[in-house]
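In the block that follows, a single chain appears as structure tokens, in the form predicted on its own.
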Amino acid sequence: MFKKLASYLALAVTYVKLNFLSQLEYRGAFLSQVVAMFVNDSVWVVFWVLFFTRFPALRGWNVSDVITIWALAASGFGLAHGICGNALQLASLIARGQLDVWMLYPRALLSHLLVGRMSATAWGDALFGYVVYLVMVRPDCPHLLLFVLLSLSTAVLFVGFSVLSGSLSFYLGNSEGVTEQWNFSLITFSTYPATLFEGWVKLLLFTLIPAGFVSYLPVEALRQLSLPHAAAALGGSVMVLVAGVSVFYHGLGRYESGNLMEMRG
């Protein structure tokens, strides 16, 4: 099992290297996309800083906690889709019958499919997440290490959720609109303090829109250096990933080829 895991990690590393080299063929465009996303995220942090200058606390959370939310969401999303860039394109690939070429590879279909493309703007999110946490929160070594681990956990959740939502195209035909809105809901709720929500809305944040595994459990883990909260966040992320992979392979039996001929070099 460990050999298999190491083999797939090596595959992902190789794809990332190749995708980076491909992006750097147009270095100016790549860097401009990264910088633009970094600036876009920074605007929202400025908004929250201004908000907390007027209201010092929000249901027990302060500006550092909200910056931590943004840092986790941005770094997790960035790592997820910087490495697994095809995750956000899954619905359209399925609807247009464009999985054929990925089925020719000897390994599992989904592993090749996800890492076969890189999102340039996602690296702006990842860079922003780590920079803003280091500069504005100024963590000590234990907090920084836990933040890195939780950002990886958040990345797992985003990949799993993108696969889950994208796999709807197996059942609904072209579900690009529904998938986009569902993904957008997760991103939106992941950047707001979970303490703002109560009742059935809070239940949704741990089920249908699992933003609570980004905006609540990891933040509590960092506030208290709590390993149980960190373990719960990781467990939730793994469950979302397992659900996404299961739905994808179940739906694959309904896939209809687009009969496309494509060459990849």
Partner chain sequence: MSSWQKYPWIALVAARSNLAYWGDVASRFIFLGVVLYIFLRLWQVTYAQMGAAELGGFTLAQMLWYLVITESITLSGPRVAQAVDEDVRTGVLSVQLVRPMSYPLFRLSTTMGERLVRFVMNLLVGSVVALVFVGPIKLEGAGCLIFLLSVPAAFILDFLTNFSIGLGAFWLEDTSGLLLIYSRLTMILGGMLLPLELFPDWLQPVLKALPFSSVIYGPAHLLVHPDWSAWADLAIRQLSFILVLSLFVAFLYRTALKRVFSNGG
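If you're wondering where the values come from, they're calculated on a predicted model, not measured in any experiment. Numbering follows the first chain given and starts at 1.
Unshown form predicted in complex with its partner chain; subsequent notes refer to it.
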Give a yes/no on whether Y192 approaches its partner chain to within 4.5 Å in the predicted complex, heavy atoms considered.
yes
Within 4.5 Å, heavy atoms only: does F197 come near its partner chain in the predicted complex?
yes
Quick one: is V63 in contact with its partner chain in the predicted complex, heavy atoms, 4.5 Å cut-off?
no
According to a 4.5 angstroms non-hydrogen atom cut-off, is Q181 in contact with its partner chain in the predicted complex?
yes
Between V201, L208, L227, M239, only one gets a heavy atom within 4.5 angstroms of its partner chain in the predicted complex; which residue is that?
V201
Its partner chain in the predicted complex: contacting segment from 72-80, 183-191, 142-150, 155-163, heavy atom within 4.5 Å:
183-191
Sequence-ordered residues of 7-41 touching its partner chain in the predicted complex, heavy atom within 4.5 Å:
Y26, R27, G28, A29, S32, Q33, A36, M37, V39, N40
